[in-house]
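In the form predicted on its own, a lone chain appears below as structure tokens.
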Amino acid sequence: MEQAVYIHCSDQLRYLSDDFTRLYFGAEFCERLIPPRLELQTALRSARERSLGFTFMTPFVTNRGLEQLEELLAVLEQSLPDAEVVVNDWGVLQLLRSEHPRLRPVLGRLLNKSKRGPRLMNIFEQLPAETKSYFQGSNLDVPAAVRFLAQQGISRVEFDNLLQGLNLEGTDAGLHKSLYVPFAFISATRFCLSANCDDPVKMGSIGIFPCGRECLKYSFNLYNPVMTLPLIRRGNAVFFIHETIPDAVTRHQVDRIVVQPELPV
């Protein structure tokens, strides 16, 4: 079982230890947090010094974000041409395939369509076995989806640790699977509710405000009686914590654990 650590900035390189053989680095949910070139080079240097595998995280993006990633992917390909790139946007995948074919694309968890909402657990135990299995699966149960990934050169897919468990029986054995712990992603939006959260003048205001990267300073615990556990919002994404290791790991259907020492961005 490969162990990886996932960080988003060079300040978090302190989490590197002998327990890990791979470094995940970058932004997964917001293009405004795509790391600058110097940060990427620092992370690459740390990975080389420790002989770690390297995986570069990328978010869903606009054309502006694509331009930022183009520069970083060129640096990555020059420094480490066999590095992995987690894609959460089909445009980023196209960029990889057309301009950086040596880099290895990985299907991110934003494109791995699973039933993530904690509300499901209110009724899960009452469901028939076939329905439970459906809610434990993903779009990778569909043969056409698996064929598409193979055509795109994708051989690894990222999974969240779902509350209802993972059913990977119907997925292609040739697809490698990674599992993220302890933070499981629920949803994301382009509308960031953290913007201006520390400005008293903006209290009660609703709108789209300039980004001050408040998400790097604050996260918010969300409670609702419909949910079966607290949710955590950071920036434009919402998560829950789930630390129980699923059966898919003990059955050797997952071959990489991705540890998130802090909430991802």
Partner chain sequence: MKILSPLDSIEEVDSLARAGAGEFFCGVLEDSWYEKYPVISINRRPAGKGHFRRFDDLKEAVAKAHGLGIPVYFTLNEHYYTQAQYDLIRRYLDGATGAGVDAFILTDFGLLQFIKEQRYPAAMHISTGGTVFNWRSAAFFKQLGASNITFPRHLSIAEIETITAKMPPVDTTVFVLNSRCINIDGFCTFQHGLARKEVPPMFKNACMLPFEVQVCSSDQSLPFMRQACMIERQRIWERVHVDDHPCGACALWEFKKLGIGSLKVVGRGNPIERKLCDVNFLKTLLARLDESPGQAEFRSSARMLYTATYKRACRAAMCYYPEVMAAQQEGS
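Positions refer to the first chain, counted from 1. Nothing here was measured: the structure is a model prediction, and the numbers come from that model. Take the two forms, superpose them, and find the largest set of C-alpha atoms that agree within 1.5 Å; that set is the rigid core.
Beyond what is shown, the protein has a form predicted together with the partner chain; the following relates to that form.
- The partner is absent here, but in the predicted complex a heavy atom of 66, alone among 66, 52, 34, 44, sits within 4.5 Å of the partner chain.
- A residue is said to contact a partner when one of its heavy atoms sits within 4.5 Å of a partner heavy atom; residue 95 meets this definition for the partner chain in the predicted complex.
- In the predicted complex, the partner chain sits within 4.5 Å of a heavy atom belonging to residue 143.
- Within 4.5 Å of some heavy atom of the partner chain in the predicted complex lies at least one heavy atom of residue 99.
- Proximity of residue 113 to the partner chain in the predicted complex falls within the 4.5 Å heavy atom cutoff.
- Residues in 1-27 all lack a heavy atom within 4.5 Å of the partner chain in the predicted complex.
- With the core superposed, residue 174 shows a C-alpha displacement below 2 Å between this form and the one not shown.
- Core-superposed comparison between this form and the one not shown: the CA of residue 123 stays below a 2 Å shift.
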